[in-house]
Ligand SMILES: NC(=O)c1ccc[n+]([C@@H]2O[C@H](COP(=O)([O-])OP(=O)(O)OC[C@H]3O[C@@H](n4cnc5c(N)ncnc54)[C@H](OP(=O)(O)O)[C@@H]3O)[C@@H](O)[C@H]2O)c1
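Next up: a single chain in structure tokens, the form predicted on its own.
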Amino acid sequence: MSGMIGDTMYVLLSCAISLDGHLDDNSAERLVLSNAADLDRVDAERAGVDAILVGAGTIRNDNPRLSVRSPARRAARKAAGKPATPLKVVLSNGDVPADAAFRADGESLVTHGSVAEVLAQLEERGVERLMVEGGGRVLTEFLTAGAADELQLVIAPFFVGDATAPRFVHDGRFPWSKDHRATLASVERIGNVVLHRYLLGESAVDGHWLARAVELSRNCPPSTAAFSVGAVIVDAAGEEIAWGYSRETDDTVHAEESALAKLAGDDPRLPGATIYSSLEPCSTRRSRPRSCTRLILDAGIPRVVFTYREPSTFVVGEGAEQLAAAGVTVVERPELADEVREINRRQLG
């Protein structure tokens, strides 16, 4: 999760909007923005979380069940030792109807307070993955608090055309701006709607770019004398500006070196960039006068994220220590370490 709140729970925001940014219209009937295929996708997302949260307004206006609908998914959750449907959480400062549909099955919790207070309550209950489904005021509270890791935004191909209709977000101070943008992870057409996945929290963004670096490492020509490594350089606005992989241009070039070679040394984006590497940048090497650690320091890159420490197969790696000693922010994310080891199984023996 974004560093403003904490980092122990993954918070996913999910909603569908019209082309003019509305969650609903002002009619008595609920506005259906999505289609059957997308609703099934949402059901799969629900099956993968520990809790689903909405505001009291959503309960009063739409009266959702907030349940996993698919019998197969419910059965799979039970087989894994989980309840058939996640904990249902309603954020409310007043009364919630006793006969609301969400109370029909599964465990529910009606609570109130700030986003931080609610998340603390859910963490105490063991919630590790939370799905927030609305409405607009609740979505705004999570976004402005910097408490969202991911936004799944479905856009329907029509306009509501009523400025007074409920909107996706309200006014507020958001952490993302023209100079600090969310990371667009994917765009998917689902019938006549489009799903945009945005990564918002630093942890989620790092995971996305590390996965990209690991995939790049699969392009490395085979070698038993050097590791297969991928690297990506991302600027402060979240744009990929360069990438590389080991042995991309010659038999001895390293991933970080290859990526940096695609940019001018005085590129103004480098002082605000992050370099992601599947392996800890090398601190010493025999094939070049400068190590990747030295190249990164000379480029003025202030942040380095990697997923696996360099094994002492060829040299003793001290890249992380040297970078940190020079004032660079170094983040080790071992979630993809097994994949890196598999890609380098020949070198690791």
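Heads up: residue numbers just count along the shown sequence, starting at 1. Note that the coordinates shown come from a computational prediction; the quantities given were computed from them, not determined experimentally.
If you look for the form predicted together with the named molecule, you will not find it shown, but the lines that follow are about it.
- Screening 119-127, 69-77, 215-223, 85-93 for residues having heavy atoms within 4.5 Å of the named molecule in the predicted bound form returns a single hit, 85-93.
- Proximity to the named molecule in the predicted bound form, taken as a non-hydrogen atom within 4.5 angstroms, holds for one residue of Glu248, Asp267, Asp206, Glu141, which is Glu141.
- Think of it this way: in the predicted bound form, the named molecule has a heavy atom of just one of Asp62, Glu45, Glu318, Asp50 within 4.5 Å, and the residue is Asp62.
- Taken together, Asp24, Leu33 and His170 are fully in contact with the named molecule in the predicted bound form: each brings a heavy atom within 4.5 Å.
- The named molecule in the predicted bound form is approached by Gly136, whose closest heavy atom lies within 4.5 angstroms of it.
- The named molecule is not drawn, but in the predicted bound form it has no heavy atom within 4.5 Å of His180.
- Although the partner is absent here, Gly201 sits far enough away that none of its heavy atoms falls within 4.5 Å of the named molecule in the predicted bound form.
- Although the partner is absent here, Gly113 sits close enough that one of its heavy atoms falls within 4.5 Å of the named molecule in the predicted bound form.
- Of the residues in 38-75, those that come within 4.5 Å of the named molecule in the predicted bound form through at least one heavy atom are, in sequence order, Gly55, Ala56, Gly57, Thr58, Arg60, Asn61, Asp62.
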